[in-house]
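Consider the single chain below, provided in structure tokens and representing the form predicted on its own.
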Amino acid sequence: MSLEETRFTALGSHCHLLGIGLRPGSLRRAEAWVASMHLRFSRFLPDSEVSRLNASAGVWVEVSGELEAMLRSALEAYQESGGLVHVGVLGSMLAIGYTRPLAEGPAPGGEPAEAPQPLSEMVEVRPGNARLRPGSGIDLGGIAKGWLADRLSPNLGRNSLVNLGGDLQARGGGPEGQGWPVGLGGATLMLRDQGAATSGTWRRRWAQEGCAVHHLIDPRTGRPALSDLKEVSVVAPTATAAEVWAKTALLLGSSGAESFLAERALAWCMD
């Protein structure tokens, strides 16, 4: 059976889907599904479900099953990361000029934002509904990409690789039966029924008033992270877990990253 693949842009990132022995039309349907998720969950689109939730902060809003699940996943990530993975840093992102897709260029920065409140005080979720604290907003970012990769993977095929902007889930033995070859941290790993993700401060970086600014906000300060690590890549059972663990490790810095990952990750590399 031959390898099939497609590449496209969605979720503000480059996406790559591959599979062997796929049902006819699987890649086309999968690409269309990712594109529809982008329209629903991008904070840059004023009519998206996330934007409507942000615009209605302070009142209960009816949400889809997908958004409800993502919000619950975000709350779990906040707890597991000790508060470091925080989807409620939208105010900080807007303050540094990340108001639109970076392909359009950053906007001028404003006054520095304060550190956000605990996520559990900002976001409430109940079946079919969610409420944000007045004056707050969310950006699901990597949580959304990891969550979507994990949901798409079993539907694409038993021998497939879903890569949504670097958050990926591999299923089956890959082209040669030994797993899917994935480059992480300068090495090629063979992944089978595993997820992987990379978090770094060198991507989505721009100059602002003569200084370099990046998109990774440290919720302890409300400012771009000052970690001594530039990049952390993690292999985990799921793409969501890999995303959460990689970001947590990066924000912890070299002094705390290894002990955090040693208790959780299947493999990792740091720079």
Partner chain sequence: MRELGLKAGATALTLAAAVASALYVGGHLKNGGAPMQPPVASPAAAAAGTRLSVTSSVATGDVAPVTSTYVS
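Residue numbers count along the first chain shown, from 1. What you are looking at is a predicted structure, and each value in this text was computed from that prediction instead of being measured.
Just so you know, the form predicted together with the partner chain exists too; it's not on screen, but the next bit is about it.
Only one of 74, 122, 89, 161 comes within 4.5 Å of the partner chain in the predicted complex through a heavy atom, and that residue is 161.
Taking 185, 118, 173, 154 one by one, only a single residue has any non-hydrogen atom within 4.5 Å of the partner chain in the predicted complex, and it is 185. Per the 4.5 Å heavy atom criterion, the partner chain in the predicted complex is contacted by stretch 173-181, the sole one of 173-181, 75-83, 122-130, 107-115.
Among heavy atoms of residue 196, some come within 4.5 Å of the partner chain in the predicted complex.
Using a 4.5 Å cutoff between non-hydrogen atoms, residue 68 does not count as a contact of the partner chain in the predicted complex. By the criterion of a heavy atom within 4.5 Å, residue 166 is counted among the residues contacting the partner chain in the predicted complex.
The shortest heavy atom separation between residue 191 and the partner chain in the predicted complex is within 4.5 Å. The candidate spot formed by 218, 244 and 252 lies out of contact with the partner chain in the predicted complex, as no residue has a heavy atom within 4.5 Å of it. Taking a 4.5 Å heavy atom cutoff to the partner chain in the predicted complex, the contacting residues in 243-271 are 254, 258, 265, 266, 267, 268, 269, 270, 271.
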